[in-house]
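Below sits a lone chain in C-alpha coordinates, taken as the form predicted on its own.
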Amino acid sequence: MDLALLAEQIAELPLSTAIRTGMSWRWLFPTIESLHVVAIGTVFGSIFLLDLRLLGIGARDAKASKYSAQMLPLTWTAFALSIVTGVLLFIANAPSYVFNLQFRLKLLLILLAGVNMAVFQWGVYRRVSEWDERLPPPNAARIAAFVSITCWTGTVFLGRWIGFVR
(Lines give C-alpha, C1' and ligand atoms only; values in the text may rest on other atoms or scores of the structure.)
Protein backbone atom coordinates (compact mmCIF):
# COMPACT_ATOMS: atom_id res chain seq x y z
CA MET A 1 0.00 0.00 0.00
CA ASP A 2 1.34 3.43 -0.96
CA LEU A 3 0.94 5.59 2.14
CA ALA A 4 1.56 8.83 0.24
CA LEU A 5 -1.19 8.00 -2.27
CA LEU A 6 -3.62 7.09 0.51
CA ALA A 7 -2.85 10.37 2.29
CA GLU A 8 -3.51 12.29 -0.94
CA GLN A 9 -6.83 10.49 -1.41
CA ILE A 10 -7.84 11.29 2.17
CA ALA A 11 -6.94 14.94 1.66
CA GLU A 12 -9.11 15.07 -1.48
CA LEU A 13 -12.28 14.00 0.36
CA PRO A 14 -14.95 16.73 0.38
CA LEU A 15 -14.84 17.03 4.19
CA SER A 16 -11.03 17.26 4.12
CA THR A 17 -11.14 19.99 1.51
CA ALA A 18 -13.84 21.89 3.38
CA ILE A 19 -11.80 21.86 6.59
CA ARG A 20 -8.52 22.75 4.89
CA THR A 21 -9.78 25.53 2.63
CA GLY A 22 -12.52 26.89 4.82
CA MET A 23 -14.68 27.09 1.70
CA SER A 24 -17.82 28.69 3.10
CA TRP A 25 -16.77 28.27 6.75
CA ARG A 26 -13.53 30.15 7.30
CA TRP A 27 -13.88 29.47 11.01
CA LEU A 28 -14.02 25.68 10.62
CA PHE A 29 -10.31 24.77 10.85
CA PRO A 30 -9.52 27.20 13.71
CA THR A 31 -12.59 25.99 15.60
CA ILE A 32 -11.61 22.34 15.23
CA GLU A 33 -8.02 23.16 16.19
CA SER A 34 -9.15 25.15 19.24
CA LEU A 35 -11.45 22.34 20.37
CA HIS A 36 -8.54 19.91 19.93
CA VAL A 37 -6.26 22.06 22.08
CA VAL A 38 -8.91 22.42 24.80
CA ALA A 39 -9.62 18.68 24.73
CA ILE A 40 -5.93 17.74 24.93
CA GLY A 41 -5.44 20.27 27.72
CA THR A 42 -8.32 18.71 29.63
CA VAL A 43 -6.99 15.19 29.06
CA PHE A 44 -3.51 16.26 30.16
CA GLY A 45 -4.76 18.23 33.17
CA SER A 46 -7.10 15.57 34.50
CA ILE A 47 -4.56 12.79 34.04
CA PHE A 48 -1.80 14.96 35.54
CA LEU A 49 -3.88 15.58 38.68
CA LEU A 50 -4.59 11.87 39.05
CA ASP A 51 -0.93 11.04 38.46
CA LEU A 52 0.09 13.52 41.16
CA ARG A 53 -2.21 11.64 43.55
CA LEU A 54 -0.59 8.36 42.52
CA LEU A 55 2.83 9.87 43.13
CA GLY A 56 1.66 10.84 46.62
CA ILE A 57 2.13 14.55 45.90
CA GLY A 58 -1.38 15.86 45.17
CA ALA A 59 -4.84 15.26 46.65
CA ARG A 60 -3.19 13.58 49.60
CA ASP A 61 -6.42 13.46 51.59
CA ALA A 62 -8.41 11.73 48.82
CA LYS A 63 -8.74 8.02 48.26
CA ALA A 64 -7.06 7.08 45.00
CA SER A 65 -10.12 5.10 43.88
CA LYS A 66 -12.55 7.95 44.59
CA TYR A 67 -10.31 10.53 42.95
CA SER A 68 -9.95 8.29 39.92
CA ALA A 69 -13.73 7.76 39.71
CA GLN A 70 -14.26 11.54 39.79
CA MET A 71 -11.61 12.38 37.18
CA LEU A 72 -11.97 9.61 34.61
CA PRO A 73 -15.39 10.56 33.14
CA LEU A 74 -13.98 14.00 32.30
CA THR A 75 -10.78 12.45 30.97
CA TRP A 76 -12.57 9.98 28.70
CA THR A 77 -14.98 12.63 27.38
CA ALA A 78 -12.11 14.97 26.58
CA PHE A 79 -10.10 12.12 25.06
CA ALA A 80 -13.01 11.22 22.76
CA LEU A 81 -13.28 14.85 21.67
CA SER A 82 -9.52 15.01 21.07
CA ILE A 83 -9.71 11.88 18.89
CA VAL A 84 -12.57 13.27 16.78
CA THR A 85 -10.96 16.68 16.36
CA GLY A 86 -7.53 15.10 15.80
CA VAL A 87 -8.88 12.93 13.00
CA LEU A 88 -10.53 15.97 11.41
CA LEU A 89 -7.28 17.92 11.59
CA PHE A 90 -5.39 14.95 10.16
CA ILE A 91 -7.66 14.43 7.17
CA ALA A 92 -7.43 18.12 6.29
CA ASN A 93 -3.66 17.84 5.80
CA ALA A 94 -2.96 14.11 5.66
CA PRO A 95 -0.04 14.35 3.20
CA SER A 96 1.85 16.73 5.47
CA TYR A 97 1.21 14.66 8.61
CA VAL A 98 1.67 11.10 7.43
CA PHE A 99 5.47 11.32 7.19
CA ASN A 100 5.93 13.97 9.90
CA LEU A 101 8.25 12.51 12.57
CA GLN A 102 6.72 14.58 15.37
CA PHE A 103 3.22 13.43 14.42
CA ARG A 104 4.31 9.80 14.41
CA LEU A 105 6.09 10.19 17.75
CA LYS A 106 2.99 11.83 19.20
CA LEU A 107 0.86 8.86 18.17
CA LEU A 108 3.48 6.50 19.60
CA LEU A 109 3.43 8.32 22.95
CA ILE A 110 -0.38 8.17 23.05
CA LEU A 111 -0.16 4.43 22.38
CA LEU A 112 2.46 4.03 25.13
CA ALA A 113 0.28 6.02 27.53
CA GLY A 114 -2.59 3.65 26.74
CA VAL A 115 -0.44 0.57 27.31
CA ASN A 116 0.81 2.07 30.57
CA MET A 117 -2.77 2.71 31.68
CA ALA A 118 -3.83 -0.84 30.80
CA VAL A 119 -0.89 -2.34 32.69
CA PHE A 120 -1.72 -0.12 35.67
CA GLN A 121 -5.45 -0.97 35.60
CA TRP A 122 -4.87 -4.72 35.25
CA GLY A 123 -1.96 -4.71 37.66
CA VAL A 124 -1.53 -2.62 40.77
CA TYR A 125 -4.94 -0.93 40.55
CA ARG A 126 -6.70 -4.28 40.91
CA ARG A 127 -5.46 -4.21 44.51
CA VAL A 128 -6.33 -0.56 45.13
CA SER A 129 -8.33 -1.45 48.23
CA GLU A 130 -5.04 -2.49 49.86
CA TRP A 131 -3.36 0.88 49.29
CA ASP A 132 -6.21 3.29 48.55
CA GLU A 133 -5.45 5.70 51.39
CA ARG A 134 -1.79 4.84 51.93
CA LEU A 135 0.88 7.42 51.21
CA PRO A 136 3.01 6.99 49.36
CA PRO A 137 1.24 4.55 47.07
CA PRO A 138 3.07 1.38 45.97
CA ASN A 139 6.11 1.77 43.73
CA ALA A 140 4.24 0.25 40.77
CA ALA A 141 1.56 2.97 41.02
CA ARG A 142 4.19 5.70 41.24
CA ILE A 143 6.10 4.30 38.27
CA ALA A 144 2.87 4.18 36.23
CA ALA A 145 2.15 7.80 37.19
CA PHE A 146 5.66 8.90 36.19
CA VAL A 147 5.42 7.10 32.84
CA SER A 148 1.98 8.63 32.27
CA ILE A 149 3.18 12.17 32.99
CA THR A 150 6.16 11.63 30.71
CA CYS A 151 4.03 10.29 27.83
CA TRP A 152 1.38 13.00 28.07
CA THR A 153 3.90 15.82 28.46
CA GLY A 154 5.69 14.52 25.38
CA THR A 155 2.38 14.30 23.52
CA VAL A 156 1.64 17.96 24.23
CA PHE A 157 5.15 19.08 23.21
CA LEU A 158 5.09 17.05 20.01
CA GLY A 159 1.57 18.20 19.20
CA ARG A 160 2.68 21.81 19.29
CA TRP A 161 5.85 20.95 17.36
CA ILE A 162 3.98 19.31 14.47
CA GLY A 163 2.82 22.56 12.94
CA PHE A 164 6.30 24.05 12.87
CA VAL A 165 8.16 21.37 10.91
CA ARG A 166 7.85 20.13 7.37
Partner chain sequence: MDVLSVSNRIASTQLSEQLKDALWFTPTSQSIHIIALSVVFACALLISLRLAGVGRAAQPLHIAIRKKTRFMYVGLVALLITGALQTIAEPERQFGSPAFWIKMVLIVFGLLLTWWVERSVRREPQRWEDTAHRPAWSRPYALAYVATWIAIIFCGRFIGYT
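Remember, predicted model here, so these are calculated numbers, not experimental data. Residue numbers count along the first chain shown, from 1.
What comes next is about the form predicted in complex with the partner chain, which is not displayed.
Put simply, of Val156, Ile10, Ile143, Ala18 only one has a heavy atom within 4.5 Å of the partner chain in the model of the complex, and it is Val156. Of the residues given (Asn139, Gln121, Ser129, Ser34), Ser34 alone sits with a heavy atom within 4.5 Å of the partner chain in the model of the complex. Under a 4.5 angstroms non-hydrogen atom cutoff, the partner chain in the model of the complex lacks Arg134 among its neighbouring residues. Although the partner is absent here, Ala59 sits close enough that one of its heavy atoms falls within 4.5 Å of the partner chain in the model of the complex. Taking the partner from the other structure, the partner chain in the model of the complex has a heavy atom within 4.5 Å of a heavy atom of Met71. Proximity of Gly114 to the partner chain in the model of the complex: non-hydrogen atoms within 4.5 Å are absent; the residue sits far from the partner.
Listed stretches are 93-101, 106-114, 121-129, 40-48; the contact stretch with the partner chain in the model of the complex is 40-48, by a heavy atom cutoff of 4.5 Å.
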